[in-house]
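First, one chain by itself: the form predicted alone, in structure tokens.
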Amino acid sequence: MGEYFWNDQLEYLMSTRDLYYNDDYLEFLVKNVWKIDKPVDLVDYGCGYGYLGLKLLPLLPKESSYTGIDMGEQLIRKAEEIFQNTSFQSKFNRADIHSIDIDKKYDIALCHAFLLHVNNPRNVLKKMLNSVKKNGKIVCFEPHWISSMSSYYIGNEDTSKIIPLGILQKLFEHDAKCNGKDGNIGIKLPIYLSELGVIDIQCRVSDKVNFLDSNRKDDRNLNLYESLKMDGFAEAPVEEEEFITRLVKRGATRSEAQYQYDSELYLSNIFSIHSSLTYAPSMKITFGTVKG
């Protein structure tokens, strides 16, 4: 299958997933929005270590099952290890999403922060839809990066100085046009699903607002700080000329690239465990009914 980047990112995945949702919000979605009141079979595309299964199965009726598909050998091995110590019905397949043939029909097809990494998301959506029973559901948890970037506030700092949205939006849009990988796909999925024939489409936003409190000195604050750093927030940029050259190749002007470099360098220097910060990831949760 060749080298797979995410296969070596288990620590990152396990350290950053809790930035997005409060458990009571996921429970609200399952019971009050999706109104799942009987056992369902789930299939999770790009499952990683089984994060969605671990979050959703305790909220679903007993006898529900979870099948995870991922290309990463280490990720699948970790998922099997984790679920072996639970009472949940689970199965994991190491496979390339783009080439796997799925014969079984599931009640719900899921993905989490997966479609933004593929260069043909519409084709993957078609495959997801083909694996769902008539009147089943598709549920996609996907980011809208530019929205997320606008949802930081560091105490006493002008956000426009540390996160220049105009440049970032230009870069994200250029990347999507050039290689098909779209960090803003979360906001586009309602349209994509409608074009593919899905009905009863809705889109929600993740509820969690993370608060790093400079006045709180405990493990909870430290864990949040470490999760933010693991997620890449306030990471020091690479060497200046290399950084600028990369951004110019992605469509920025040299002055825009310089401004972005200066902003990221400044942020990396001022952000610490002693900072006060609020951050709302604004993950988009898009779902609908598959007509079959």
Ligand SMILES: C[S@@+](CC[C@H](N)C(=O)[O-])C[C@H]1O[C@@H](n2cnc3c(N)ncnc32)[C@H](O)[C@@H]1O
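Only a predicted model underlies this, so the values are computations on that prediction, with no experimental measurement involved. Residue indices: 1-based, along the sequence shown.
In what follows, reference is made to the form predicted in complex with the named molecule, a form of this protein that is not presented.
Looking at the named molecule in the model of the complex, residues Tyr153, Leu228 and Pro281 place no heavy atom within 4.5 Å of it. In the model of the complex, no heavy atom of Arg204 sits within 4.5 Å of the named molecule.
In the model of the complex, the named molecule stays beyond 4.5 Å of every heavy atom belonging to Lys217.
In the model of the complex, at least one heavy atom of Leu13 sits within 4.5 Å of the named molecule. Contact check for Ile97: a heavy atom falls within 4.5 Å of the named molecule in the model of the complex. Figure note: of the listed segments 131-139, 109-117, 161-169, 184-192, the one touching the named molecule in the model of the complex, with heavy atoms no more than 4.5 Å away, is 109-117. Only one of Phe243, Trp34, Phe233, Tyr51 comes within 4.5 Å of the named molecule in the model of the complex through a heavy atom, and that residue is Tyr51. This chain lacks the partner; the member of Leu42, Leu56, Cys47, Leu247 within 4.5 angstroms of the named molecule in the model of the complex by a non-hydrogen atom is Cys47. Of the residues in 57-72, those that come within 4.5 Å of the named molecule in the model of the complex through at least one heavy atom are, in sequence order, Asp70, Met71, Gly72.
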